[in-house]
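The form predicted on its own is given below as one chain in structure tokens.
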Amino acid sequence: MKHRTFFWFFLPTGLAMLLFIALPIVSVAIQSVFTPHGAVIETVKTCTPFGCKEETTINQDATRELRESQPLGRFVGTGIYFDRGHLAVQEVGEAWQTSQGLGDFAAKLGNLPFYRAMAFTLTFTFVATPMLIVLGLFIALAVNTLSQRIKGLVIFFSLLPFTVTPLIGSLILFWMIDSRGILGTAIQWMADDPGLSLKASTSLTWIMLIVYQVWHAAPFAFVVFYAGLQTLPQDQLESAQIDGATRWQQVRYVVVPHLMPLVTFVALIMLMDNFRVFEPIVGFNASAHATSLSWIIFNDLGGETRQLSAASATSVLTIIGVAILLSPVLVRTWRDFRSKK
């Protein structure tokens, strides 16, 4: 393709990426280095025949003029990134100096909102992603061996979890695991503990959220892997069968290598999606036990205060985290691409 042809072909996509991706990111980054102006405080001294007294009041006119003249707010640089609500550099240093060991240090970091959210976000991402990939591959292999008469029906029911809106799906499961729900009652009966509640334990809440994400997102991996199985070279499978390979050996040495590009694709999508976990936390009302970076952004933007600068700083840190998370997979993909040229 000629350079001129490629330019006009890519121009609409490039403009859309610039308007809807690049510019918003730049805007958020700029907002993160400014903080809203505080109110202009004035101290007025009033004297009467009975004495003088000082009164502190807010100058509404001066405050409004200041905010209109500098709408972005007061420039603070990277100060917001290092405050207690984010990286908390000072608090982390104090915790390290006063800690009795790594366990004590980790416990003190858990009291800081950013690191508490990061702990859950990383645990959620690195546990749910491989589990849903393995489950999706298992479902695809199982469905691919079914008879054509029932294959369509099984595919339909396998896709149902993915068609449910994440917030609605989490609400449904939230009601089911309630002490009065079918799953909650069954768990209490099996544990022989009428007072057992999944919602009252931090570890059980984390497990519940991860299980929900695997249930909800596994159909996406299943669809991708099932489509890849339709392009599997049958001569390779027949050769493996002639050589006496077992079913497991065929999957390990023939099927999985063939699907590795799709595994990389699913991993990239799911890593980004899981790192931005938000809806399940809201649906399960689990913010007392589990918070994520996206939930912190939502919390900063809510209420009457609307801490735009704090939310912007967390957004930038989230973008950086996603970039770091995806970099190993992208580097490996690039190396594989270069080696095939």
Partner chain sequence: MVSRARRAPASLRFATSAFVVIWIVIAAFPFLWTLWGSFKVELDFFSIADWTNALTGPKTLDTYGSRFTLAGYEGAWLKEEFWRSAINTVIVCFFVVITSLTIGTLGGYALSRSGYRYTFWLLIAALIFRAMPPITLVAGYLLPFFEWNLWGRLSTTVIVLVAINQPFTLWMLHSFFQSIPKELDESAKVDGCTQFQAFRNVIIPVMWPGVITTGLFSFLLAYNDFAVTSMLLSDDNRTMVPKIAAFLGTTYTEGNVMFAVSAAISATVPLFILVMFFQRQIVSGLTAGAVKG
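Positions refer to the first chain, counted from 1. For clarity, a rigid core is taken as the largest C-alpha set superposing within 1.5 Å between two forms. Small disclaimer: the values here were computed from a predicted structure and weren't measured.
Missing here is the form predicted in complex with the partner chain; even so, the following discussion is about that form.
Residue heavy atoms within 4.5 Å of the partner chain in the model of the complex occur in exactly one stretch of 114 to 122, 100 to 108, 144 to 152, 86 to 94, and that stretch is 144 to 152. Put simply, Phe157 is close to the partner chain in the model of the complex: some heavy atom of it is within 4.5 Å. Although the partner is absent from this view, Leu173 contacts the partner chain in the model of the complex, with a non-hydrogen atom inside 4.5 angstroms. Interface residue remark: Ile21 is counted as part of the site for the partner chain in the model of the complex, having a heavy atom within 4.5 Å. Put simply, Met17 is close to the partner chain in the model of the complex: some heavy atom of it is within 4.5 Å. Interface residue among Ile187, Leu229, Ala267, Val223, judged by heavy atoms within 4.5 Å of the partner chain in the model of the complex: Val223. Checking Thr78, Thr165, Gln249, Ser203 against the partner chain in the model of the complex, a heavy atom within 4.5 Å turns up for just one residue: Thr165. Scanning 9 to 35 for heavy atoms within 4.5 Å of the partner chain in the model of the complex gives Phe9, Phe10, Pro12, Thr13, Ala16, Met17, Phe20, Ile21, Ala22, Pro24, Ile25, Ser27, Val28, Gln31 in sequence order.
After superposing the rigid core, the Cα of Ala288 is displaced by less than 2 Å between the shown form and the other one. With the core superposed, Met272 shows a C-alpha displacement below 2 Å between the shown form and the other one.
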